[in-house]
Ligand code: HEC
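Here's a solo chain for you in structure tokens, the form predicted on its own.
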Amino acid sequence: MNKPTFLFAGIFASFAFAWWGMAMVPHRQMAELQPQVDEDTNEAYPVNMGGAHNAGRDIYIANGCQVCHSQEIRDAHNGSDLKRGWGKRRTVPLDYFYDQNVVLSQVRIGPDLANIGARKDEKDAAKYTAAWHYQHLYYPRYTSPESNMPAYRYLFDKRRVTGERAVDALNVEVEDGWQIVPSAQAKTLVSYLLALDRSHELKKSAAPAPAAPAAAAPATK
């Protein structure tokens, strides 16, 4: 084999090996995943949230939320996500089983949102509710004074008050007789955020740990 052919074969083998390890092996592992079912309660995880959930994720992506927010809780060895209260455990592939578009993200200008639907604030019960999210989207500094998140006011409508104010009208300054209410897109987006909960306890493998190798017998003369 001449040198050019040998070089080409080496380059091809390197790319083929990398492709197999980074694409085919994970694909085969993911293909074997199945939702887990609790034997006592018959509760399945994860649950397919359906079209409304997918529509919310589409709005999430269309507005670039994944640019600044991740949806991946790292283990304690790779970051302080658990200490920050972003989740009770690290995320695993099963958490994204039904996701058509996985928005893990690589940047964290804002906090992780993998479990934003389950997040609570012991000091402020109103925090992270639907009303809080609407206020945060309309004017982020109102709920988080140090936030550098842009305002998404185009997701809200200005309507005249006829009779009683709308139940979901925002608590913002507006001319008398008018109100700011979330649009259908804002409601779908917030519904998606409130459904983000990947804190479900996962089953642990029942397989026994491999036995330690037996010590080698001393050599005999």
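Start at 1 and count along the sequence shown; that's the residue number. As the structure is a prediction and not an experimental result, all values here were calculated from the model.
What follows is about the form predicted together with this ligand, which we do not show.
- Of the candidate stretches 169-177, 33-41, 150-158, 47-55, only 150-158 has residues with heavy atoms within 4.5 Å of this ligand in the predicted complex.
- Contact with this ligand in the predicted complex, defined as a heavy atom within 4.5 Å, is made by none of 94, 97 and 200.
- This ligand in the predicted complex comes within 4.5 Å of a heavy atom belonging to residue 144.
- Using a 4.5 Å cutoff between non-hydrogen atoms, residue 89 does not count as a contact of this ligand in the predicted complex.
- This ligand is not shown here, but in the predicted complex it comes within 4.5 Å of a heavy atom of residue 69.
- Contact check for residue 26: every heavy atom lies farther than 4.5 Å from this ligand in the predicted complex.
- Within 4.5 angstroms of this ligand in the predicted complex, the stretch 41-65 places a non-hydrogen atom from each of 60, 63, 64, 65, taken in sequence order.
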